[in-house]
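Shown here is one chain on its own, the form predicted alone, set out as structure tokens.
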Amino acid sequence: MKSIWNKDGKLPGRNHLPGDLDTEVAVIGAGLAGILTAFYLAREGKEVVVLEASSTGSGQTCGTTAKITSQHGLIYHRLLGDRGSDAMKLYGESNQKAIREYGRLVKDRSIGCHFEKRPAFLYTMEQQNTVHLEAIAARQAGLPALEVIETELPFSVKRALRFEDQASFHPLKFLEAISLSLTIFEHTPAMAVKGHKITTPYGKVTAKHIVFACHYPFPLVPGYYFARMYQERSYVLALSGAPRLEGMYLGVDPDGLSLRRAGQSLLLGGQSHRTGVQKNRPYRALASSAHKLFPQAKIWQKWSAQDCITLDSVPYIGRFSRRNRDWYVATGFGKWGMTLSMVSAHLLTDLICKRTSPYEALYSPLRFPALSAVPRLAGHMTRSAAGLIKGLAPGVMRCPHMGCKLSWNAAEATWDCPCHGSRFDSSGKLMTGPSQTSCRCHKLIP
């Protein structure tokens, strides 16, 4: 099921890799993070090629609700406790810079992508103190945060946290504008990476620097990202005939809703769950909420998205591992990939151009997790171990990535991996990684 961005944001196609190629920088993945990184590196005079397994913007970029914001759930109070006030301030600063850079790019290049400055709200109907503590931390971080008790939502809230000067846009129209001058090879999956060489079905690319911007980095070793991240799915309905909300909203209570206007539509999102762990009829649950809140509205589109979640909720942006100094990665954006793609592009450009960045340590993939991340690590490893053990049983559907038992997702008619989030259609065709190959299924639908 495609998102509303696909309706009027179709990008021109690109050819696949014509054969062996040498370049200074190779970026794997033509989503927003990969394209922005290539864009800024090219501005620095670097020779850059982008390799995309499918088509530009066809992955998680087209599944987003496209909020550009430094308000990433209850992140600041957590960061303050885990890593201190300096890290918290750097996180807020880097994301505020990203918002401003989007605005500058759109204005300077006259990009028609419906970029609009808007306030963003966290709201609660239960946890007043949680939002209050987040507000204190956000203000300490220097962010434009204000606590309120009244909103334009069609229901009352106990407390909300308003961030001024946030933004929204049409991600594919923006992506098209900044990708036009870049060298992109579509339908060219990276099958293996060793040293400075990337193997594809059409030849090898040799690059001094390699950037993994493919949502979930597929090499198992080094990096061990499979042990440090998991993936979550969430669901979105596009409603017509709903009230026009000026702000963007995210509920922080269990099963809280996300709401934001997109043209004449209202996007209603929620029902998040770990990929491969079944959620009972998520679209029906969202539709029930839509009918209750906006009885006059009609559902005209629905789709889902997938996000990589790190152990401490801070992305991994920087050097891939200590072993491979010329490999770089941008992953683990949670549900905030639009803003963090811009953060990634600037940080990776600085590293590749051998400049220092004040944000390198904050986002470093080489960091050790905070103590508060230990329970999440334990839970992730327990689920992965269970999936791997179940995958040993004869006759089960296994993920080609590491052999976990696949789970049937009835809501979307897909086979999903509960270990690391790979997904396959009902015939076993690969939809999203970290698996690089389709599933050779001996049976299709359970």
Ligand SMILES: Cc1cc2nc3c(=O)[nH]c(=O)nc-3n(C[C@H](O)[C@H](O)[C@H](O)COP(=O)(O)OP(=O)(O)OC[C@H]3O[C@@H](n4cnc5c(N)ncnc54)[C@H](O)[C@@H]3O)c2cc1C
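What you see is a predicted model, and the numbers here were worked out from it, not measured in a lab. Each residue number is its position in the shown sequence, starting from 1.
Beyond what is shown, the protein has a form predicted in complex with this ligand; the following relates to that form.
This ligand in the model of the complex reached by all of 38, 179 and 317, non-hydrogen atom within 4.5 Å | Not a single listed residue reaches this ligand in the model of the complex, so no.
Partner-proximal stretch of 151 to 159, 123 to 131, 289 to 297, 303 to 311 relative to this ligand in the model of the complex, 4.5 angstroms, heavy atom = Going through the listed ranges, the match is 303 to 311.
Though only this chain appears here, would residue 78 touch this ligand in the model of the complex if you measure heavy atom gaps against 4.5 Å?
-> Residue-level check for residue 78: no, no contact with this ligand.
Does the 4.5 Å heavy atom contact test between residue 335 and this ligand in the model of the complex come out positive?
-> Close contact exists here: in the model of the complex, residue 335 approaches this ligand to within 4.5 Å, heavy atoms only.
Spell out, yes or no, whether the shortest heavy atom distance between residue 213 and this ligand in the model of the complex is within 4.5 Å.
-> Looking in the model of the complex, residue contacts with this ligand include residue 213, since a heavy atom lies within 4.5 Å.
May I ask you to check whether residue 52 falls inside a 4.5 Å heavy atom distance of this ligand in the model of the complex?
-> Judged by the heavy-atom cut-off of 4.5 Å, residue 52 is in contact with this ligand in the model of the complex.
Which residue among 251, 247, 189, 103 has a heavy atom within 4.5 angstroms of this ligand in the model of the complex?
-> Contact residue from the list: 189.
This ligand in the model of the complex - contacting residues of 17 to 39, heavy atom within 4.5 Å = Residues within 4.5 Å: 28, 29, 30, 31, 32, 33, 34.
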